[in-house]
Structure formats: structure tokens, C-alpha cells
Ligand code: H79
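Only one chain is given next, in C-alpha cells, and it is the form predicted on its own.
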């Protein structure tokens, strides 16, 4: 069972992923050919030669990127941590790397250390900063792995010694306290090589959490597949990395946005199963975050802030029901929360909760609600809560229920 042993991560529940690199300049299209896959993989999918792709750095001048604005917004949305792509598979470092000139300071006209800007903003607003680093795939380095291509000619050890390990040392030494090292696609990395990376991280920053994609079962928490939500609760610490539309890096043609309501439901569903939701934004080539991202997340953030008691520091539901016709349940030791996503007429009933209830209330206002415990003809325990008239035609609010006994904190069944 994965265990970070860090309470902040267990309680965080909601984080911001930022995918940004040279791929944002192409925005999903190269020489008239559009990728129908995720935009940050355009170099791989469209087979763009290394010498052509690296010229994008000469165009990188993100005049609209404002790290402080993004961090302030993330704080307002209720997010507790940020994970930023310090180097994606394309091999371009979004910080001032001493071991590779292919970076946002040395290879671009803007000469900006993007990671440093984010570090300072996170420190100013007390936001935990995590870093994505593509440890195995590096499409710019001749000895880095490349997915879906022939890797028989590479000398991975040379790449590790020349670029990967030195860059890990740089980002863990020069950018303050790093909360998470978010690795990705280990590919052919051996257990010994993964251990080498883990030892380096822990030597430089012992409290830095390592995600499951370090490979070889060495992660301190489990990272699900992209946008994958388990049907039942997982044990231990885990996280769902997810997108607002279909891509991670900016794609000008991707308008398949999830609604704020869908995002709220996904967040609460993940929380009810004990996980964290790491939700992505992808700035464009100028550093501007799509307005649609802000529009969605402003509405999501309003729900999160109004009902934060029922989201942060919650634990996975120990048994069914996880979801009901009108919404989803979350819980703490002495609290059960009913997130109402569809209008209900006059009352809600929750079955299979063997406990003594002390009170029921609207989470966003604290208004006390009338409730009645009982048992069905089949002798199943239930609680029934009356809905105030003003809320009977509403959706997207939350009811809290205080209990005499603690909810169990582990799930006998997991997937």
C-alpha cells in the first residue's frame, strides 16, 4: 500500500497541473498537419526532426505568462499544490539548466527562468510546488528513450549521467522546497536506475514525495492512468492526473471542454474514493492560459470554497453507498457529507449508515436541518434529512451530518 507518510498530501485533495513547453507554440499543428493526439506529443506523433523542432526555442517569448496570477488563481480555486513540467519528453528545460543549453534562458529570446518565477510565486502565496520531470523519455537527447520508436541504438546510461541526474540535482537544489517529484513513463529504466533516482531525490530533499511513475514499484503514492477514476476506493495515497479537455499541452483546435459541473462531480467522486485530483491547464505559446480554463475553474472553485469542509482532509468512504441517484458521499471521522448534484424534492435518505446522528446542516451556511434516523423493513439503518424549501430546486450544494461514532478509516474492498 502506497503511503507518503505526509499528512498535507493526504488532506490536499485538489491540485493544479501545468503542462507547458515548446509544443505550446505549435498548438497541435506542424506545417499544415494537425495531430489528432495529445498536443505535447506532437514531435513524436508527427515525426518532427530534432534539428527542426529545437528551432521553436527561437520563437519562445511568453509575454503573457504571469506566474503570480496563476498561483493566486489556484489558491482561489481551493487547490493545495501545483505540479509544473520542468522538462517534458521533448527535452526542453523550462528553467536555467547548466548541463544543457536547451532551456528557457539560454535557447530563447526571452531569457526567462520560468520555474524560478513559479517558485517565487508559490513561496509568496504559500502554495506547495511539485515538479514534473520526464526521466526516461527525452526526444532531444540522442540517448534518451523515445516511445513508439526504435531505441536499440541509445546509450541510456550516458543520458542519465549527462542530463537526467544532473538536471534532477539542479531542480532539487536551486528552486527551494520541492513538495513532489512527478516522474513519467519509465520505459526501460531498470530497478537499479530507479533506485538511483530515488536516492538522489531523498539525499537532496528528504521530504520530497515521489510519485508512482518513477517505475519499478518505488513510488510513495499511486498515480492512476490519465483521467482514470477507480470504481471503488483504493487503499493508501493516490492521485488522478486529469485534463479539462482532451489534451495536456495547448491545442488551438481542442474545444472539448468539460463543464464545471462535470469537474465538480469528478473531484468529489475521486475524494470519496480517497484520492487527490490533479487537474491540468495548458498555457499557449505566449504563456496565456485559455479563458475557458479560467471560466470553468472559477465555478469549480466557488463550489470548493463554499464546501471545503466536505472536501479537504476527507477520507475514503469505507463502504457503500459511494454514489446515490442525487450525488456523492464523502466523510471524515465524525462527519458524513452528502454532495447534492441533482435537485431533490423534500428529503434525502441514505441507507446502510450504522451510527448515531447528532445533527444535520447545510455546509455552506451552517443552517441546521431536520433529520430522522430509522430502519427499513429489511432492518437496514438509514438517515433521512429534510431539504429546506429554498434548496429544493437547487443543485450543487452539500449537507453535513455529525455522528456520535467515528466512520471507519479503511476500506475492506478496493479496486
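Nothing here was measured: the structure is a model prediction, and the numbers come from that model. Residue numbers count along the first chain shown, from 1.
There is also a form predicted in complex with this ligand; it is not shown, and the following applies to it.
Heavy atoms within 4.5 Å of this ligand in the predicted complex are found in exactly one of 117-125, 324-332, 88-96, 153-161, that being 88-96. Of the candidates 226, 207, 291, 203, 226 is the one whose heavy atoms come within 4.5 Å of this ligand in the predicted complex; the others do not. Taking 30, 53, 65, 41 one by one, only a single residue has any non-hydrogen atom within 4.5 Å of this ligand in the predicted complex, and it is 41. Proximity to this ligand in the predicted complex holds for all of 17, 184 and 213, with the criterion being a heavy atom within 4.5 Å. Shown alone here, residue 382 lies farther than 4.5 Å from this ligand in the predicted complex, counting heavy atoms only. Using a 4.5 Å cutoff between non-hydrogen atoms, residue 34 does not count as a contact of this ligand in the predicted complex. This ligand is not shown here, but in the predicted complex it comes within 4.5 Å of a heavy atom of residue 132.
Remark: residue 45 counts among the residues lining this ligand in the predicted complex, judged by a heavy atom distance of 4.5 Å or less. Taking this ligand as positioned in the predicted complex, the only residue of 239-260 that brings a heavy atom within 4.5 Å of it is 248.
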